[in-house]
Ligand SMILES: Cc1cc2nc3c(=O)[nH]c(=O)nc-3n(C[C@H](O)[C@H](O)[C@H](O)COP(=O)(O)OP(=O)(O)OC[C@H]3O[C@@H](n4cnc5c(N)ncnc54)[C@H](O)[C@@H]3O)c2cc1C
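This document opens with one chain alone, in structure tokens, the form predicted on its own.
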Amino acid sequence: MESQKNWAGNLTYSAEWLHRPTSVAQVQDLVCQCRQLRALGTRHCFNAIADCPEDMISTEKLTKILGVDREKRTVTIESGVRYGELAVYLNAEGFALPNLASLPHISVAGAVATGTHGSGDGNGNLATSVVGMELVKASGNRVTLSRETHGDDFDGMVVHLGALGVVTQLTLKIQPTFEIAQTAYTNLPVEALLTHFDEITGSGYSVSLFTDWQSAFVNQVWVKSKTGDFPETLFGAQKATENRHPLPDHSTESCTTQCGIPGPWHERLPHFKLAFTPSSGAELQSEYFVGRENALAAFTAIAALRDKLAPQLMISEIRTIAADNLWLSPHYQRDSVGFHFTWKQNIPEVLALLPVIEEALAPFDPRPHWGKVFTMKPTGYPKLPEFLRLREAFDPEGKFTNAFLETVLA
């Protein structure tokens, strides 16, 4: 097949064949026919988690929204649906999801499989909305998964890294629609952050801090609030009078509306608009999560590396995520703070820098984002043996494995 790349262009997939099924029956046939395969979503992962040297199944044509159950407050979708399209549909039906990621361009199934998160002190990652799944196992059988049918094992099936099969449908819990507004603040003193971290991250429904680590100030703080109550200053940071982009030399056209103007949840919770590509894609991304109790110590440890970060870094984002009970979630049983790095696409230099960051964070038991670039062995997953039991039951011959999984799940 013609060479296929991920969204950022840093990875060329090694698969010999890329299939684009249009029905679950076709997925079942392909799973039966293929010796080794991986499912592929919107290609927003920066590592080889979805790669396979033989066959890949793209879910890009499985895009039906199958409907809302108003009594149960759930929505069921096919696995290729992106958050942007789902959000527009839900809002028109009078419903919402509690949380969204920075990009509405990503597929629901891909975000769930990797524990992708969104933000907010009280908001769980996107996978915590899942109440049911349908997937095709290695045998080609179509199975329905839920807490009702699988009990506590369901917590091990939601964030699954593609290791259990090809997800074809998801059912998500939903809530009544709501409006929200966001405002950016500039130049937050680092001293204020270290003194008032809880008040700052708790100042809105969702709060993001952007920093290049190069001064005594955090460059920007984006506060998303249901109340729309934005003070003129936030612990010394000044309220912006115009829209901001996380990168000062980028147009704000792709960013969701700021300046305290309220709008539908799905037009404010993401940082970027669905109709725009937020960047050229020529970047790398890494992210590490630590327990909230270690947030300030981790911040200080990273800040000490500012001279090493500067040549490769575009921007960092710091966000909070609530604890959950999903076995392979990076936020399993601990409220977390994520330290996200958007790098220049200098692959050798970035790969040489990551172990330095990982060593600095090692005292705080960091968990890397499953879909981004890292070099450490992921730890801190006490339920991993139970997940491997599930994997053996769903895929006894290793049809859905690849080199990435063999490394991180070893």
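Just so you know, these numbers come straight off a predicted model, no measurement behind them. The first residue of the shown sequence is 1; numbering continues from there.
A second form of this protein, the form predicted in complex with the named molecule, is not displayed here; the remarks below concern that form.
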Partner-free chain; cross-checking the named molecule in the predicted complex, the single residue of S79, T128, T320, S286 with a heavy atom within 4.5 Å is S79
Out of V31, C52, V373, A39, which one falls within 4.5 Å of the named molecule in the predicted complex, going by heavy atoms? A39
Looking at 94-102, 216-224, 229-237, 137-145, which one sits within 4.5 Å of the named molecule in the predicted complex if you count heavy atoms only? 94-102
Partner proximity in the predicted complex: F46 to the named molecule, non-hydrogen atom cutoff 4.5 Å: yes
Does L161 make contact with the named molecule in the predicted complex, using a 4.5 Å heavy atom cut-off? yes
How about H369 - does it come within 4.5 Å of the named molecule in the predicted complex, if we only consider non-hydrogen atoms? yes
Taking the named molecule as it sits in the predicted complex, is S329 in contact with it (heavy atom to heavy atom, 4.5 Å or less)? no
Just give me the residues of 162-191, first to last, that have a heavy atom within 4.5 Å of the named molecule in the predicted complex. G162, G165, V166, V167
